[in-house]
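Below you will find one chain, with nothing else, as structure tokens; this is the form predicted on its own, and questions on how it binds or moves follow later.
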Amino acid sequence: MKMAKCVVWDLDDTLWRGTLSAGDDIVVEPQIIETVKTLDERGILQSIASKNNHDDAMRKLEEFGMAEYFLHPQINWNSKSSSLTALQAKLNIGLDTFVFIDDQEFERDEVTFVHPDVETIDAADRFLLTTLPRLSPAHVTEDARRRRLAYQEAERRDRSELEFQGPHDEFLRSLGMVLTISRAGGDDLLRLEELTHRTSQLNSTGIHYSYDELEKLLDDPGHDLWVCELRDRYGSYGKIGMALVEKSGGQWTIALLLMSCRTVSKGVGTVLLQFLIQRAEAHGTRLLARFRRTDRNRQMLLTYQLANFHVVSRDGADHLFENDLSIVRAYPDHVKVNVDA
């Protein structure tokens, strides 16, 4: 079962009782407000797909003190499926991680027809949302609790970039980014487990690790478990990357490398890999990397290839790469890298 990442609400007779455009007395039930807040605290994103006048609906959400909980609300007269398409592009998460809730069977069927991977729910079941397994993570990390805030900070960054007069590299330097790479500790394990489940594009194998598995690796002298956190002048992106390295004699093998897709546009998606290359070269050890091709991680394949990794062996979707360490690049100059080894 894939955990859901975003709940998309209809408004009329779903999030609230009544039809706004008909002039009804609009009421939001206290249990719905609690549901929205609970999903937010669990790290589940939320948005709106509603056929309504945008400004009127937003004023009503502001009136109820709920507007801040919804990212990129799609309030227009377009089809609900097109609203979901727009949200998928803005949030950059898979459609199979969306849950759409609407009181109209026609709207749910239209979304299912266009986006069969999206789970649809009748608004009659709206009070049950917090009990659904896909919306009930076993553990909630601090990064998860502030996930919506991270997206809102990213939106402010994007607006600043649009307003910035000058080259993209200068804008990146203006962010004052600091990437801290450190050995993982016990407090990181819940977040690392979450990363292995949620990160698919910049993920070298797509293999999921449980908390218990990571805990064993943490205490194993034959493995290094690295984690990295990114901050800039807008706030923290949280723990956005990890690497698991197997050590055997004079050989290191990157068993898993992943970075949040949020790092790509900031030009730091390759820094953790550069760190591992630099470290292997400094220790005079052979550096290998495992890669398993999935339907979503072509970007990670290109990352390895551009970092001078070459195929040693291949078995179906599984590749073994090696870097001869003849090219050891410096970190990009728009990000300060702190290493706590």
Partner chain sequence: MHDSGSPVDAAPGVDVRESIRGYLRDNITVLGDDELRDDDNIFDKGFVSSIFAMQLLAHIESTFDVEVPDDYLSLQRFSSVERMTEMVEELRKVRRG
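These numbers were taken from a predicted model, which means no experiment stands behind them. Residue numbers count along the first chain shown, from 1.
Here the subject shifts to the form predicted together with the partner chain, a form of this protein not shown in this document.
Of the heavy atoms in Arg293, some are within 4.5 Å of the partner chain in the model of the complex. Taking the partner from elsewhere, Leu192 is found to have every heavy atom lying beyond 4.5 Å of the partner chain in the model of the complex.
For Glu213, no non-hydrogen atom is located within 4.5 Å of the partner chain in the model of the complex, even though that partner is not displayed. Although the partner is absent here, His334 is a contact residue: one of its heavy atoms lies within 4.5 angstroms of the partner chain in the model of the complex. For the three residues Leu202, Thr303 and Leu306, a heavy atom within 4.5 Å of the partner chain turns up in the model of the complex in every case. Proximity to the partner chain in the model of the complex, defined as a heavy atom within 4.5 Å, holds among Glu153, Asp220, Asp169, Asp96 only for Asp169. The partner is absent here, but in the model of the complex a heavy atom of Thr270, alone among Thr120, Gln88, Ser236, Thr270, sits within 4.5 Å of the partner chain. Comment: 294-302 is the region of 23-31, 38-46, 294-302, 57-65 lying near the partner chain in the model of the complex, near meaning a non-hydrogen atom within 4.5 Å. Taking the partner chain as positioned in the model of the complex, none of the residues of 122-146 brings a heavy atom within 4.5 Å of it.
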